[in-house]
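Have a look below at one chain only, the form predicted alone, in structure tokens format.
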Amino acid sequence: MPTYTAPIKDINFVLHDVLKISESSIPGYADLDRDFTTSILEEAGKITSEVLAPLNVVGDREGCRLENGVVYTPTGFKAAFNQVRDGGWPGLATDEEYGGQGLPYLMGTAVGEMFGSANQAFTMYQGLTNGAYASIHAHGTDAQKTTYLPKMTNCEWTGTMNLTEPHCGTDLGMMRTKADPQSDGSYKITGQKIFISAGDHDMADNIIHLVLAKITGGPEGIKGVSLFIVPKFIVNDDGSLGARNGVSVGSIEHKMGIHGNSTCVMNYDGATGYLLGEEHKGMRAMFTMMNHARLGVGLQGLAQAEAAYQNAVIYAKERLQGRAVTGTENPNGPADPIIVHPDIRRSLMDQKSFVEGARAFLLWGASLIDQTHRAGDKDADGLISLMTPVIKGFLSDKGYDMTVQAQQVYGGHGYIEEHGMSQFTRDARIAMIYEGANGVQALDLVGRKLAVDGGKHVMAFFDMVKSFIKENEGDDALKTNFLDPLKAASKDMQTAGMYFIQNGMKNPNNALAGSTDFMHLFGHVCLGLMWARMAKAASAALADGTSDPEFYQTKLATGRYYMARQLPATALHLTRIQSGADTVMALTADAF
């Protein structure tokens, strides 16, 4: 059975050596010294390794079941959920006013990686609740916040979001779910939603559904969409639970992965709902939750890659097969461990360099969210808005690729279920699809995000890269191994941007045909910047005489690998982008 060990040292390296969070001016960061973050990460590490990780295979094998309208989660999930709730983990980064611990979003992200690596399907129950909490917190009335947030903070009540319908996914303007106004200010919600993660289960007393619907008589298309709070059980004025609402589970979806999460078809039959935010402004309120979720999905890509990588390393050191081409390294055994072979090393280095770079990228992104919300920094808000499709799309694409590479290390043993490696691949696959499929993320990036505020935010990113290079070019080792490759990759990205400007207006297909390549190009530049920053931090630690030189030397070696073997992919992506749309659009639909 796979195992999982929380990478506490690596997380602390990013938090303190790279981001230097305790020196930051962001409110709340001064309290985050290394001892404090270590204590939180160690406690999270215990529950993820000892409680959640062993249930990962259980959830995969048993799945959820629907019996007489009731959804039951896999064996052990309910007890573990109570343990997680009792430890206060769902409320780690939520508002103290509603019973949360009030820690920065950054710490929620760091802990979230551990939970996701240990058991993604399980962690989604609280993750979706946090997203629904965020939407109500941002757009709800005082009464709605008082009614729902305290119970959602500790997951006594959980939350969902309901967007997709059988006939529409991305094009939400086509939805048919309707909301009929009632004399008491409530609405009757009628319609069907599909693919609803954590749609129903036996681990919480109530489930608070956030449902997109069109108010009868409202505008057509997306402009007529509103968002509603639809609880499973009506909440009485005194906070107690009343009658069962008109919402039920039609079925549980049969999925490729995340079997331990109850992905449901939800039927709304005149269910009582309450408007969240303004009429016909539902997408604005829903995007608060979706943007929260998209960062979480990028985190899932990293988390599954980390868990798969850990197990691949163990196997590569134990599995005996062949001899090293440079001479026997295990003379007392019948063969050498497969980690001696260069191609296995290449695979493991691909995984290791991605995971560590992605972690730095995500934690930096989380710090931008804190800078936005805690310090009111609009520039940080613009930058993380630009980065959101890159975090979601690039990290989930590459995270899935890394789980496949980890599975490949096992050979045939990775394909059978004995070692459990296929679960990481199957669980990671959904991250490329939900919360907006990655092709849509790429279209959003190129078609909308790049041009926001006249391109101000992407130019700020280029300036950030340029400034880092200029500030550190006096360090010869850093320059040769990190800054020069980063400069070349950044130039590729700028050239791609210029191509879109020069050709996209004449033929929009020229831009959109290259959107996925641009998203990946951008992602590589972001990881290149993160590796350059990590290399600087590691070099500084070695110069200061660290007590653990091997850790920092390993960081430098891993970073050099990424810059030499992965970052040059930007040139390939640029070439594809510059080829335009002609070859992409050459065939008629009938020719396929």
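The structure presented is a predicted model; accordingly, all values stated were derived computationally and were not measured. Position 1 is the first residue in the sequence shown; the rest follow in order.
The same protein also has a form predicted together with another copy of the chain, omitted here; what follows describes it.
J.: Answer yes or no: in the model of the complex, does another copy of the chain come within 4.5 Å of a heavy atom in every one of Q321, V325 and Y415?
T.: Result yes, every residue of the spot touches another copy of the chain.
J.: Scan A488, V71, V404, A138 and let me know which has any heavy atom within 4.5 Å of another copy of the chain in the model of the complex.
T.: Looking at A488, V71, V404, A138 one by one, just V404 meets the 4.5 Å heavy-atom criterion.
J.: Answer with one of P331, G270, P219, P342: the residue that has a non-hydrogen atom within 4.5 Å of another copy of the chain in the model of the complex.
T.: After the contact test, the surviving option is P342.
J.: Decide whether I430 counts as a contact residue for another copy of the chain in the model of the complex under a heavy atom distance cut-off of 4.5 Å.
T.: Contact check for I430: yes, within 4.5 Å of another copy of the chain in the model of the complex.
J.: Answer for Y187 alone: is it within 4.5 Å of another copy of the chain in the model of the complex, judged on heavy atom distances?
T.: Y187 lies outside the contact set for another copy of the chain.
J.: Test of understanding: in the model of the complex, would S25 fall inside 4.5 Å of another copy of the chain by heavy atoms?
T.: So S25 does not count as contacting another copy of the chain.
J.: Determine whether any heavy atom of P150 comes within 4.5 Å of a heavy atom of another copy of the chain in the model of the complex, and answer yes or no.
T.: Contact check for P150: no, nothing within 4.5 Å of another copy of the chain in the model of the complex.
J.: In the model of the complex, which of 453 to 461, 297 to 305, 202 to 210, 159 to 167 comes within 4.5 Å of another copy of the chain (heavy atoms)?
T.: Among the listed stretches, the partner-contacting one is 159 to 167.
J.: Which residues from 550 to 570 come close to another copy of the chain in the model of the complex, meaning a heavy atom within 4.5 Å?
T.: Sequence-ordered list: T554, A557, T558, R560, Y561, A564, R565, Q566, P568, A569.
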